[in-house]
Structure formats: structure tokens, C-alpha cells
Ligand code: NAP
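Below you will find one chain, with nothing else, as C-alpha cells; this is the form predicted on its own, and questions on how it binds or moves follow later.
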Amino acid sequence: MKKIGFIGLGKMGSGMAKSLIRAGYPLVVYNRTLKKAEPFKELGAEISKTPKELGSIVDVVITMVSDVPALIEVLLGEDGAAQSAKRGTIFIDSSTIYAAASKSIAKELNRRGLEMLDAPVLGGPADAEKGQLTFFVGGKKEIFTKVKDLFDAMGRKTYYLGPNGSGCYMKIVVNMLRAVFLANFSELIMIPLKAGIDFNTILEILEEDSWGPLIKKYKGRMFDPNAKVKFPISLMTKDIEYALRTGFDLKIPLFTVSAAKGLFEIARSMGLEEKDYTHVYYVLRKLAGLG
């Protein structure tokens, strides 16, 4: 059985790693903050002190980190996993990064005799814990086939989309649809609110329209200032930046994404970067004079 290395045990990565342990895979884990890795020892996983140590003893390396610099550090840095990995080791990156960076990293890994799949996910921490994520995969088809069992262990559905970068392209679209919807909905709901129309009546009417399922999905988090954070404004702002870079690379104007970027940056400047991204609603309330 393949020995798996997992780097990045945050809200998403920890659930993914647990799914692999439940499926019976020998697992080696690394996390920058050792405290987050320690519980995995009790679950039967080995703990590595560095990504380089991890890379030397596994057949597959899965990464789930915050951004491009973090990914480059854990893979290609002085103590990166690629520095010690044996030829043929497969790297699977489930981070949300932009395609050009992912393809560049894949190219460098290939140069060293290593393989890479970009495999960002759809779903939240609860889905990761249950092994119910959806994966968008880019890379060589034959490499994907070799590790499809790992995706089956961590998710309910996997889409193979094409060459390196394909998964990143699809994930950025999903995240931008969410960002733009939340920005648009938060902005337009200010009109009836400021006009004095009853809040519950507004929601009841809007839920009758085709947007109803989305409004029902988000309203519990959006209108509760103390809601549990599922995805912070800081990470959505990062993803918006990556989307705009992708648009620039492909020569695609992203007008609504550019507008949403301004709103999320205002939220960050107001100190809300670690609030759930649905809380851009409160930024617009303030700007509209509604407190």
C-alpha cells in the first residue's frame, strides 16, 4: 500500500488526513505548528519535523496550504519535500492557488523526475471530516489513475479535467461565483432595508426567486455577526487576487470580480479579515448608513 505524506493540517487538511487514516493508508504528517500534528500520532500517523524529512519516506505527498508562497516553501524550499523525494513521487496539491503558479511548480517537479496533480476541493471542513469533498483535478491522466483511490477515500466525487492547471481554473470559478454573489446580494439588499421594508419580508420575497436556494444557504452565516467562520475574508480576498491574475494571464476582463475585490479589501481594512466572507454584508450596512 502507498505510504502517504500530508502537509497542512488546518481546518480542511486535518479532515482530509483523517479520511486517509480511516481508509487504512499509512500516513506521515507535517504541520508548521507542531501542536496541530500531535493528535495524529494517537491516530496512528507518523509526525515529521520538516517537509524534507516527510518527502524522503513517502510515495505520495498531499498538500493543503494557504497560498502560493506557502506551497513553494513546503515543496521547493530548503527544507521542502521535493528536496528529498525519490523519483516518481506523486505530489497532489489541494490548495486554492492560481493556475500559472501551479503549472510552474509542476514543471519544476517534473524537471526533478517528480509528478504533480493540482486537485483543489469543493466543500468545507465538515465535508473534509466526512470524506465528502469534491475534487477538481489537473495533470497527467495516467498519474491521476494511479492515485484515484486516494481521492475516493477523501471525497464523494472527483472530476479529472485535463492537464496541469485545469483544477485550479475550475476552483477559482467556483469561488468567484460565491464572492460575486455575496457582494451583489449584500449590496442590493440595502435598497429595501434603507427604504424601511421589513427584513423578514425581504428575505421571504427573495427566496421565492431563482436565487432562493443560495440565499437560504448563506443567510444563517450572513446575518449572524457571531457566526462560526467557515471561510475567512482574508482567504477570499487572496482568491480574488488569484482570479484577477488568472484573468490577466488569459486576457479575460473580470469586471464583477474587480468590483468585488474592492469590497473585500474594505472589509480587511476594517479589521474583519478573519470574519466569515459572508460578513461583507456588515461592511455594506455601514457604508449605507445602517450601522
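The first residue of the sequence shown is number 1, and the count goes up from there. Computed from a predicted structure; not experimentally measured.
The protein also exists as the form predicted in complex with the named molecule; that form is not presented, and the subsequent description refers to it.
Novice: Is the named molecule close enough to Ser84, Ile92 and Gly138 in the predicted complex that each of the three has a heavy atom within 4.5 Å of it?
Specialist: The answer is no: none of the three residues contacts the partner (heavy atom, 4.5 Å cut-off).
Novice: Pick from Gly155, Gly165, Gly80, Gly123: which has a non-hydrogen atom within 4.5 Å of the named molecule in the predicted complex?
Specialist: Checked against the cut-off, the match is Gly123.
Novice: Heavy atom within 4.5 Å of the named molecule in the predicted complex: which of Ile233, Ala243, Val58, Met64 fits that? Just give me the one.
Specialist: Contact check passes for Met64.
Novice: Just to confirm the contact call: exactly one of 263-271, 20-28, 6-14, 279-287 touches the named molecule in the predicted complex at a 4.5 Å heavy atom cutoff, so which is it?
Specialist: After filtering at 4.5 Å, what remains is 6-14.
Novice: Contact with the named molecule in the predicted complex for Glu73, defined as at least one heavy atom pair within 4.5 Å: yes or no?
Specialist: Close contact exists here: in the predicted complex, Glu73 approaches the named molecule to within 4.5 Å, heavy atoms only.
Novice: Though only this chain appears here, would Lys238 touch the named molecule in the predicted complex if you measure heavy atom gaps against 4.5 Å?
Specialist: Yes.
Novice: In the predicted complex, is there a heavy atom of the named molecule that lies within 4.5 Å of any heavy atom of Ser102, even though the partner is absent here?
Specialist: Answer no; every heavy atom of Ser102 is more than 4.5 Å from the named molecule in the predicted complex.
Novice: Need the contact residues for 158-180: heavy atom within 4.5 Å of the named molecule in the predicted complex, sequence order, or none if there are none.
Specialist: Residue within 4.5 Å: Lys171 only.
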